[in-house]
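Single chain ahead, written as structure tokens, the form predicted on its own.
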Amino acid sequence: MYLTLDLLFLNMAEIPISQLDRLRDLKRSTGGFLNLNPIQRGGILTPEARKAVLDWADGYSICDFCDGVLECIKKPPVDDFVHKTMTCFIGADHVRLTNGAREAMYMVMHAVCKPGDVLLLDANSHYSAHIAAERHNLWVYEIPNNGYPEYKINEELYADKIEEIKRKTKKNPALALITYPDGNYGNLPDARKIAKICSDYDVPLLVNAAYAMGRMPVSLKHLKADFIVGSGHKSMACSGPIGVLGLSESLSDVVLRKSKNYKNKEVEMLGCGPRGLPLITLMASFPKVYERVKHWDDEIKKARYFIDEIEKIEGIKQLGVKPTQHDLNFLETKVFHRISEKHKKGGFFLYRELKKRNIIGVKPGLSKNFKLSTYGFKKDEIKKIIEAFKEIVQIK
């Protein structure tokens, strides 16, 4: 039965006008605020990307001159960007763009592993790695961290765990994964050391570099791993979601296998990757992203300055490896939790007090602990943030 116009208008009439009104004004009032959110600091668009948005906002506009393969589009120059620029940037033999880092991880798991195989990963890994494994019916074994307050991963445990898996299952894990850095504490394990261990056991290694690629120098060839995953919207100054998958030559034919029925389409890619603003903003921002990773040492200095100053406030402590190795850091803030227990706004007081001072990014309701990032801030902006925390501590 076809939907008649009368029925269509009837359905439309059932939608309250108030709901439609809410969709007419989707402004995001964050201009002029200092945003501490780690998931957004590295994804703030460059002016060039914002300008490109206006020209390419229409759905699928990037495909105007597509012959069937996204990575082969020459106008705009997607082919050069993917096959030359990005492969060079992350030291990979092959690169594919995906609809997010988690999709890239799942691609590798689905291609390399069979249902019932074992995936070995670190306890600091992102939840999406576990869900990707669950979706493909893999058994997950974890490398534990050393607990409070460092939550550090001992690289040598990869060898111990592989031996344990061999004893229990009579075979090696099908794939290993290391999070570099993790999204909670910003710890940077020695991925190259883990890659050597995995190579000795003939276990492919996937490096989840969602908070590394685009913020700091990272190279698949230097790490000597098999796969590396990045996140454009987290760390490469673009709108999202978009992921980057770098592959070494060794297993690329497995992951990039072609369809039997559609000869130019790759099965794990479901034909094509991201086809809109995520890709165009990734490309537009890239020249500045390429330059900014050269100043990673400056970002570390700023992050360590922030931690040194913020820990002078009694009741605030950085958790994770010290000195911090990354712009993303986790703070234990017992002093704010004590204030929240007496404050009329409860745990929401911190969010409100920070916003009064033009600072956002700490999630509403958090006061006992939270993570933040200093990436891209100027020194005077970091000082302003520190002073804001010092003022809020004085609230009775």
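Please read these numbers as outputs of a predicted model, since none were measured by experiment. All residue numbers refer to positions in the sequence shown, first residue = 1.
This protein has a second form, the form predicted together with another copy of the chain, left out of what is shown; the following refers to that one.
Q: Tell me, yes or no, whether Y290 is in contact with another copy of the chain in the predicted complex, where a contact means a heavy atom of each within 4.5 Å.
A: Yes.
Q: Given that another copy of the chain is not shown alongside this chain, does P149 nevertheless sit within 4.5 Å of it in the predicted complex, heavy atom to heavy atom?
A: Looking in the predicted complex, residue contacts with another copy of the chain do not include P149, since no heavy atom lies within 4.5 Å.
Q: Is it the case that D297, even though its partner is missing from this view, gets within 4.5 Å of another copy of the chain in the predicted complex, heavy atoms only?
A: Result yes; D297 sits at the interface with another copy of the chain in the predicted complex.
Q: Mark N35 yes when one of its heavy atoms lies within 4.5 Å of a heavy atom of another copy of the chain in the predicted complex, and no otherwise.
A: Residue-level check for N35: yes, a contact with another copy of the chain.
Q: Given that the partner is absent here, state which listed stretch (160 to 168, 269 to 277, 197 to 205, 305 to 313) has heavy atoms within 4.5 Å of another copy of the chain in the predicted complex.
A: The contacting stretch here is 269 to 277.
Q: Counting non-hydrogen atoms within 4.5 angstroms of another copy of the chain in the predicted complex, say which of S128, S252, N184, Q318 makes the cut.
A: Only one option qualifies, and that one is S128.
Q: Along 25 to 40, which positions have a non-hydrogen atom within 4.5 Å of another copy of the chain in the predicted complex?
A: Stretch hits, in order: D25, L26, K27, R28, S29, T30, N35, I39, Q40.
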